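One chain follows as structure tokens, the form predicted alone.
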């Protein structure tokens, strides 16, 4: 019974957060000096055209009425229309959001695959050469600017070695001869499901550099968090007892100790996932990746507030959902955690 009360309370809090974000973004969009009606009409608009556009967009109504109209549309899954492209924003999100999520997911998987083993071994061999190298890698991953990392990788793997593409999601030849059939918007999944192996391989190759660039921050966090929690866990009594019983060190590290040390790491990685969604702007620009970052960048430059508000709400939903999921997962993995 307690878990359902906790879940209901967290869902109510999540709804309150989303409502607050919608109110803040809506009123900021109305306070910042701009003229959406003029942008809707296009270059060199007349006064009559602007007046007609204000009526069409509902800008002639009181502010509270505009907000209720916006929330009514939002409850039906309608994010409005872009004032620059005149396209429904939900249609654009279905195109750009999967591209960014695929990039972030691959970067997060890289962070787990690289960061957890390094963190475990670094914690187990404290102050060794491996520990110093792991800590150096972690510091570099956290502190190095994303755009600088991306440019260095492009210069080395594309410019020097010529083994990885410079950017984009797939190359032109794949688009022409092996186009990806859109099902989920995730090219890796869609190409694999439809048996389009050339597109799958090409998508995977194009993902390596931008995903690693985006995941370097999460890799550094994963190494540091796993190392610190492993050092604490390895000092527990049950670890000493396991070693005295002759259990292999590999089993102790990766089965007994890691089970308890992994919980804070998963929480940090989950939060860095949402951070990567918002921080993908520079990576997508550098690698010409057609994702949410480039989309919202163009919206900011064009003062396209409906798009900015939609992207803000989407990112907020992701943050709230992942934060709630990690709290529930932590309670499931660690019986010491109570759902109070």
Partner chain sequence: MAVAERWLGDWARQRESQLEEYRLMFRAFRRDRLAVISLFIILLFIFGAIFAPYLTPYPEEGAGSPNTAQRFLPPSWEHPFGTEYLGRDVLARVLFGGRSSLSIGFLVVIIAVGIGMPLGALAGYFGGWLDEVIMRITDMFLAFPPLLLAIAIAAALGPSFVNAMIAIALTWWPWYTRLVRAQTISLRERSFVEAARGMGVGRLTIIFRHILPNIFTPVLVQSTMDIGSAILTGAAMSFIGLGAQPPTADWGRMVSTGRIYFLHQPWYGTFPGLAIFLVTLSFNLLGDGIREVIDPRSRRAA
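Quick caveat, the model's predicted, so the values are computed rather than measured. Numbering follows the first chain given and starts at 1.
Just so it is clear, the following notes concern the form predicted together with the partner chain, a form of the same protein that is not shown.
Asker: Given a 4.5 Å cut-off on heavy atoms, tell me which of 182 to 190, 197 to 205, 156 to 164, 169 to 177 is the interface stretch with the partner chain in the predicted complex.
Answerer: Every other range fails; the passing one is 156 to 164.
Asker: So, in the predicted complex, is residue 148 in contact with the partner chain at a 4.5 angstroms heavy atom limit?
Answerer: Taking the distances in the predicted complex, the answer for residue 148 is yes, it comes within 4.5 Å of the partner chain.
Asker: Using heavy atoms and a 4.5 Å limit, would one call residue 286 a contact residue for the partner chain in the predicted complex?
Answerer: Output for residue 286 is yes: heavy atoms within 4.5 Å of the partner chain.
Asker: With a 4.5 Å heavy atom cut-off, would you call residue 20 a contact of the partner chain in the predicted complex?
Answerer: Flag for residue 20 set to yes.
Asker: Is it the case that residue 49, even though its partner is missing from this view, gets within 4.5 Å of the partner chain in the predicted complex, heavy atoms only?
Answerer: Taking the distances in the predicted complex, the answer for residue 49 is no, it never comes within 4.5 Å of the partner chain.
Asker: So in the predicted complex, are 79, 251 and 259 all sitting within 4.5 Å of the partner chain, heavy atoms only?
Answerer: Answer is no for this spot.
Asker: Using heavy atoms only and a 4.5 Å cut-off, determine which of 129, 139, 71, 113 is in contact with the partner chain in the predicted complex.
Answerer: It is 139 that has a heavy atom within 4.5 Å of the partner.
Asker: For the stretch 300 to 323, which residues lie within 4.5 Å of the partner chain in the predicted complex by non-hydrogen atom distance?
Answerer: The stretch touches the partner through 300, 301, 305, 308, 309, 311, 312, 315, 316, 319, 320.
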